[in-house]
Structure formats: structure tokens, C-alpha cells
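Here's a solo chain for you in C-alpha cells, the form predicted alone.
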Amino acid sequence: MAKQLYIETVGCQMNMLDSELVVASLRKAGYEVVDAPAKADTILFNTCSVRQHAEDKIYSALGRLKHAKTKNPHKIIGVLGCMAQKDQKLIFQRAPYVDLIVGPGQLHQIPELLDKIAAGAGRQLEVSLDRKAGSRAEIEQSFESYDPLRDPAMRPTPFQAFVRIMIGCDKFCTYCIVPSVRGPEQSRPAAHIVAEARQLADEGCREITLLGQTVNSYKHTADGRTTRLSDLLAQLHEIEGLARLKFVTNYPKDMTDDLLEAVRDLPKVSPYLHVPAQSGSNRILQRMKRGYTVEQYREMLSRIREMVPDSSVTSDFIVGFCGETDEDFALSIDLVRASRFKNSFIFKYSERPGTKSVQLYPDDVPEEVKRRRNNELLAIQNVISEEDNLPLVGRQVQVLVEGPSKAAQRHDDDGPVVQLVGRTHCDRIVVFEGNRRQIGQLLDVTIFDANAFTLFGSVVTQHVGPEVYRL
């Protein structure tokens, strides 16, 4: 009888991909995925440590399982990923009924570790070395975990997939825990990435998103030849069946001209660039150890707009970082207004144990000030997003159809004609009425309305009319 697995994922696209790889390996070992913890023999939480809220959510979920573990001692509960690497034995202390703790570099060991627990070997803990616990080669090896097994059921849609091209980070921003929990920056061989992408295309995948903590830092050298991200994109562009290529997240200083030329010249590469700024104040950027100035960021944006004029750029901002004054925050407002990002992800600063900012600076911005700044910056960005979306009304765009919209899913609409959702080449969300058979297709859609977050359109039934924009 198949063993029943429930897995819950918190965090970024990298965590979503990790969960897909874990599920694929466990399916091979005889597990079936179920949709609720109560139905499962094994419950796994794949975790994030970037913000406190993500960790609190996991500890709350673990707390709700205490009774289930008491009722059935053979039920296996595991914590995977970044929080596992950061907290390690602390998880056992806070939730002593947890059986398994596995860092992001040891996910390939999970089937074996679960077998050990089931055989009575007791708790299992497998994590990578601390960044200062050995030579770089030793630390890299302890974080290395590439598993080619994939599970289509765990993807955003059957037609879209994530492909990891690198792991780790060497930027060491003072607020960020990622270099500690994901290890040193390591780029995968291009041949391995191309083979994985070709397999996905053969399975019907139309869009691939390349993942890396700083994805445009990708660089792999083999046999005396160095492959940059621009070179990798050119190789992936030749794969038959793939229609779109995206890559996230970018580091401002590594936005090179050769990469922008690839975005401009390779039709399958989406002109969508997510490049976090984090602050508009040089003083705060220096405290964050971001490695660039506002002037350098603006110069990078200028090159993007000059070389890829139809691109859309998105960003991240942290408000309320240690010592951020009203003047510093005003500079972030200035940068958002001048840059006119397609959208921005805005976060309130929260201390992360183990980061340099905790050691160096007091968290001295009051919570109510952080909240106010977050809401103010978000409101400004939303106005810009709507202003930039409105000129698309009346234009025709090409959309990759992802599936029923959230509204259709909420109403459990299973008819042949349903409200669908998809994305343009520049990652704009489009909602329109269509047929379920259109899911996974590239369709031309005429936009008739727009707000800050969504375009609303109707499917073009004849290939005539307005020009199709790469928007």
C-alpha cells in the first residue's frame, strides 16, 4: 500500500522547485501525495527564513500537529529547507515531536532518512556546514544537491517550470540570511541545464523560468570555456517547443550589456527584468552592503531602457531598515517615482538572527512607522502601475494561458467556457473569457480594461488588426 505524503511549501520559487524535486523522489520511493495533513503518514514543511512571518507560520503549523503525533506516534513530521538549516536542533527543542530536519543541501537524502525513521532509528538531522566551518570546497560540497527528477503535478501549471541554474549567494547583504542557509554561490554546468530544459520541453512545457539567488551572476567554466547567462539563454533559445524564457532574481551590478543584448535579440526571452533596488538612499544601501549606489542603479535602468525599450522592470524595497530616517525614505519614494517600475514588492524590515545587521545596528524604526512607510510606498507604486497599464487598453498582446482565474476557482466553475488567466511576455497578468482547451496555448488578446494589477481582455478570433506588442 502506498505511503501517504503531505507537503506544504512556504517562500520563494526556489522553495517551490525544491518541493517538486522532493515529491518526485518520494513518488519514486512509493509515496502518494494527499491534500491534507490528516490523510498523511508523512508530513513535510519546506520552509523559508527570509522573514519572521514565514517562520512563525511554520511553528504554528507544527503546534497544530502535536495532538496528531500523540494520537499516532508512527506519523512522521519533517521540517525542510532554509529554516531547517538555520534553526537545526532548535526545532527539536520547540517541537519535540518533529522527526526529521533536512537543510536545502541534503534534500536528495530524504527518502533514505524517512526509511531510517520508519525502521526505528529515531530522529534524523542532516544539514550543511556553516560558512566558516571548513574550506570553500568543503562547504560547497555540503550544499550541493541537484536532482534531475521532476514532478509535473507540483509545478505552477503543466506548461510552466522552474529550472535552477545556480545555488547560494556570495553578496552577504547585512539583512539577508540566504548566504548562511543556501551556502556559497555555485553555478551548474550549462550542459546539465540544457538537458533538463530539453526534457521539460519534450514533456510539453512552454515556459521555463531560470532561478538563482542572483541569477545574472551565473557563470560556469569548463574545459577552459566560460558560459555566461547570455550564452546559456542563447543555447536554451534553440530548444524546440519552448516559447518563453524568463530569469529571476537579478543583481543590479551584474546587469551586463551582453545579457541585455540577449534579452533584446532572442525572441523567446521575456523582456521582463526583476532587479531589486531595496532603497533609494545611498546611506541605507551602504548599511545594507548592497554593493552599489543609487546613481549606479539609475545608470543600469537607463541602459535597460535604451537597449530593451519594450522591457518591463520590477523591483524590491525594504522599508524601515535600521536607522532609516524620513529623509532616507523620501529618497526611496523619489527612486520609485523616477523609475516607474511595472510593480514593486515592498517589505517591512524584520531582524533575522545570524545576519550582520542584527550585530551591527539596532532595529530602531518603530513598527507603526514601518507600516506607514510600507503602505505609502505601495500606494505610490500602485498609481504608477495603473498609469502604465491604462495605455494598453485597445492594444493586442500575446498571452500564455495558465488556467482558470482565481475567481473561477472560487466559484468552482467547471464549464467549458470559463474566466481564464494568463501572462504576457512581460509578465503582466491578463484575465479573459475563454475555453478550457485553450489552457497552455499562446493566444492573442485585445485589452479592453486595466487596473494596477490586472489587464482585462477578449481573445482575438482573427489574426488581423492592431500590432502585437511585447508588453
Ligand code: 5AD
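A quick note: this is a predicted structure, and the numbers were derived from the prediction, not measured. Residue positions are given as counts along the sequence shown, with the first one as 1.
Keep in mind the form predicted in complex with the ligand is missing from the figure; the text below concerns it.
Using a 4.5 Å heavy atom cut-off, which residue among Asp202, Glu367, Asp265, Asp316 comes into contact with the ligand in the model of the complex?
Comparing distances to the ligand in the model of the complex, the residue within 4.5 Å is Asp316.
Consider the chain as shown here, without its partner, and state which of Gln278, Asn216, Ser128, Ser281 has a heavy atom within 4.5 Å of the ligand in the model of the complex.
The option sitting close enough to the partner is Gln278.
Location of the ligand contact in the model of the complex, chosen stretch of 153 to 161, 330 to 338, 173 to 181, 118 to 126 [non-hydrogen atom, 4.5 Å]
Checking each option against the 4.5 Å cut-off leaves 173 to 181.
Heavy atom to heavy atom, is Arg228 within 4.5 Å of the ligand in the model of the complex?
Arg228 lies outside the contact set for the ligand.
So in the model of the complex, does Arg244 come within 4.5 Å of the ligand, heavy atom to heavy atom?
Close contact is absent here: in the model of the complex, Arg244 is far from the ligand, nothing within 4.5 Å, heavy atoms only.
Hey, in the model of the complex, does Ala61 get a heavy atom within 4.5 angstroms of the ligand?
Judged by the heavy-atom cut-off of 4.5 Å, Ala61 is well away from the ligand in the model of the complex.
Interface membership of Gln296, the ligand in the model of the complex, 4.5 Å heavy atom rule:
No, Gln296 is distant from the partner.
Pick out the residues of 82 to 111 whose heavy atoms come within 4.5 Å of the ligand in the model of the complex.
Result: empty, none.
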